[in-house]
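In structure tokens, the next block holds one chain alone, the form predicted on its own.
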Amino acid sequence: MLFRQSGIYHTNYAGTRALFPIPADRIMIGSLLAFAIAAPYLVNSLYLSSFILPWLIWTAATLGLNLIIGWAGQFHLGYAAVMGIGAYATVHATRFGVPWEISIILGGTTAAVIGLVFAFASLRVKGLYLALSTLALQFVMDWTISHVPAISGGTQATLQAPALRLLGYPIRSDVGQYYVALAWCLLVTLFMLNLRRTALGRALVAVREKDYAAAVIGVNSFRFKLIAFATSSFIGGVTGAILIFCFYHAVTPEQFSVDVSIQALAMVIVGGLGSIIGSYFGAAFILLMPGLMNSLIAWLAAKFGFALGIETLAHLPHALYGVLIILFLLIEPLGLGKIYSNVRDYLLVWPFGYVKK
């Protein structure tokens, strides 16, 4: 009933091209936006800084990775390295006295330039070979960051991030840092929403579907692949910097290891390739589900009197978490975003299911 439309009214181009043409979508987006703005006053500060804040940051990272994988159809197994480049560049620029707003752009630009250099070499190959090439970026950056003291201070060193100052004002509270992360996540989301309606977005989709066919209709696939790599790397670099300044407050090589790249890839696949809402779902699932499973199993064991050993309690949530990922992908290989889309499409015509036939 909420989504059901009584008709389709294409009366002008502006209405047709609107981001959210259905009123129910606008109501939901408005409600979620109002909740996100009021969250610091509605949610416990522990949940705000431990769950919602990192979820927003990783959603922005997932959207950035989805741009290169879901939109342009190119493998990328080194996204954590790109985030690390942006984080280290921003921290060093800020320590040299550069204003934070400029430092973070420098961090994103540095990540984009290095991502572009690797893209030049990687884009001569495709498929699994491209995946291995981007994985090489991860290993090269891991080694460089760890073994060049001028960057990281050494293998075991922790580089403290300077205080976050936005427009000259220090942002020390969890609430202020939450709003910084929220603003960046919304900015990336808006960019991705509008990307679908631009010539760039349509060219990326054409390259994803078949680059030879795209070349036939005049799309320079190599150029658009480079643009996708550079844009995705810029988003990753800025997101890595925000992750350090708003969440970790210090940067180490382990925060951007190959395991993190695999997790970011899992967020994209579980959420759904090319799906914006799926990026939110995927980041929430991969980031928050292990902790929730742990708490749920501990609660069930205490309630029903199961005697579970410490080792079982430590590993059982991860096993069930893996089973859940497999189940979700078996039920809907296109990810959580597609499950949401299926439910929404059903509600659009409910109870007149025959309309779809």
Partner chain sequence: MDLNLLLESAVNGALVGLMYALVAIGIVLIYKSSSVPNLAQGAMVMLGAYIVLAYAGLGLPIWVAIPLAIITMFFVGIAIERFALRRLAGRPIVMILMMTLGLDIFLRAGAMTVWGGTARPINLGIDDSPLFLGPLLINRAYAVGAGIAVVMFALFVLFFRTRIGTVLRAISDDYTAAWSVGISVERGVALSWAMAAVVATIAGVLWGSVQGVDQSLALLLLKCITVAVLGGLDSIGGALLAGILLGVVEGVGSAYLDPLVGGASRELVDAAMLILTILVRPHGLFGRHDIERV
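Numbering follows the first chain given and starts at 1. None of these values were measured; they are calculated from a predicted model.
Form predicted together with its partner chain: not shown, discussed below.
Legend entry - One stretch from 254-262, 174-182, 229-237, 95-103 that, in the model of the complex, holds residues within 4.5 Å of its partner chain by heavy atom: Contact-bearing stretch, as computed: 254-262.
Legend entry - Three-residue site A136, V140 and A266 fully in contact with its partner chain in the model of the complex at 4.5 Å by heavy atom: Yes, each of A136, V140 and A266 comes within 4.5 Å of its partner chain in the model of the complex.
Legend entry - The unique member of A34, L46, V323, L42 whose heavy atoms fall within 4.5 Å of its partner chain in the model of the complex: Selected option: V323.
Legend entry - Contacting member of F224, F75, F285, F247, with respect to its partner chain in the model of the complex [4.5 Å, heavy atom]: None of the other options qualify; the answer is F75.
Inset, instruction - Tell me, yes or no, whether L296 is in contact with its partner chain in the model of the complex, where a contact means a heavy atom of each within 4.5 Å. - result: No, L296 sits far enough from its partner chain in the model of the complex that none of its heavy atoms falls within 4.5 Å.
Inset, instruction - Report yes if any heavy atom of V125 sits within 4.5 Å of a heavy atom of its partner chain in the model of the complex; otherwise report no. - result: Residue-level check for V125: yes, a contact with its partner chain.
Inset, instruction - Examine L164 and determine whether its closest non-hydrogen atom to its partner chain in the model of the complex is within 4.5 angstroms. - result: No, L164 sits far enough from its partner chain in the model of the complex that none of its heavy atoms falls within 4.5 Å.
Inset, instruction - Give a yes/no on whether T312 approaches its partner chain to within 4.5 Å in the model of the complex, heavy atoms considered. - result: So T312 counts as contacting its partner chain.
Inset, instruction - Pull the contact list for 200-230: residues with a heavy atom within 4.5 Å of its partner chain in the model of the complex, in sequence order. - result: The stretch touches the partner through K210, D211, Y212, K225.
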